[in-house]
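Below you will find one chain, with nothing else, as structure tokens; this is the form predicted on its own, and questions on how it binds or moves follow later.
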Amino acid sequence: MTTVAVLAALLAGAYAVAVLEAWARTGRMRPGGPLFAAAALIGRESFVPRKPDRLFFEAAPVLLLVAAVLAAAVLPWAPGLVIVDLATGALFVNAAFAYVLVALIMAGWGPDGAYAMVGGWRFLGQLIGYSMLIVMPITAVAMRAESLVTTVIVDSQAGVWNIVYQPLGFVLFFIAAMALAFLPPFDLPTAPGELAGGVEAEYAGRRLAVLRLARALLVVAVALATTVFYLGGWRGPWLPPWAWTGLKTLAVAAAMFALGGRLPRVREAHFLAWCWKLGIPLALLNIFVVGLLVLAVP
């Protein structure tokens, strides 16, 4: 029953994220837009490129979907409302997100198309940049909670949320999460108007529908991770715990769309340089400051 409830919450979140993304892009709120788009894709013929690597081509959308669901499986929506409450849940989230790269490389290589391949390799450049900015802030979060269990991390924020306790870690994780979900200005793998869709360029019909559903679920997963690690998870007055988690998750996703839509696209080389020259030193500083606070403040 818990698994069904969490999966239903993820699908509802993906639907809401699709509505928010279209609103941020066009300025129009169309609640029925995702349904019409999904129906159009499902009803359209699903073309296959002339000389694809069929295994990679077919498996890439499914693997991206699985990676997003696996990451969300260890993130709690409320006390007891989590699919698997792993002892190493925080690390499992990072491990699941690593398969996003595998899925996009497969989506780029499988169709045997130039635009798709460029998009896949661009994402590899992004991963080299943001990967440490995912795991290092999680390390600081686990230091404060003295645990890798995601429910314990939420409980550790009973007094002060981590966004207040370690704001630098929140900013770094937020930027890395946007790059992980290849949201603007880090949308080089798809690059609308430049790569004709990039890793999506050779997909159509049902395959494209699965790929876009997976991307929406990935946005939900990174927003949910931000909520659990930095925004107190389900904590809040008056409303049920699951409602607070849902509202915070949607607020994080909306903030990502609003911020990304107002910034110019960042080249992977520049992003990599900024992450390694500035981001990683700041992440080390964040770990050092959190360590001092943990020792100094009971």
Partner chain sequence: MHAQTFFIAFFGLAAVWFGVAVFRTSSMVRSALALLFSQTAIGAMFLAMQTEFLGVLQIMMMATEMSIMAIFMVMYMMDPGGLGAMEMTHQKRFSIAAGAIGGGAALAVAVLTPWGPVVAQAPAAAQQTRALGLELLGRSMLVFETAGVTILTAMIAATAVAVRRREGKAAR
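Numbering follows the first chain given and starts at 1. Small disclaimer: the values here were computed from a predicted structure and weren't measured.
What follows is about the form predicted in complex with its partner chain, which we do not show.
- Residues of just one listed stretch (216-224, 159-167, 173-181, 101-109) have heavy atoms within 4.5 Å of its partner chain in the model of the complex: 101-109.
- By the criterion of a heavy atom within 4.5 Å, Trp242 is excluded from the residues contacting its partner chain in the model of the complex.
- Contact annotation: Leu81 falls outside 4.5 Å of its partner chain in the model of the complex, judged by heavy atom distances.
- For the chain shown alone, Leu55 is a contact residue for its partner chain in the model of the complex, at least one non-hydrogen atom being within 4.5 angstroms.
- Annotated contacts: Ala95, Ile128 and Leu148 all touch its partner chain in the model of the complex [non-hydrogen atom within 4.5 angstroms].
- Taking a 4.5 Å heavy atom cutoff to its partner chain in the model of the complex, the contacting residues in 71-87 are Leu86, Ala87.
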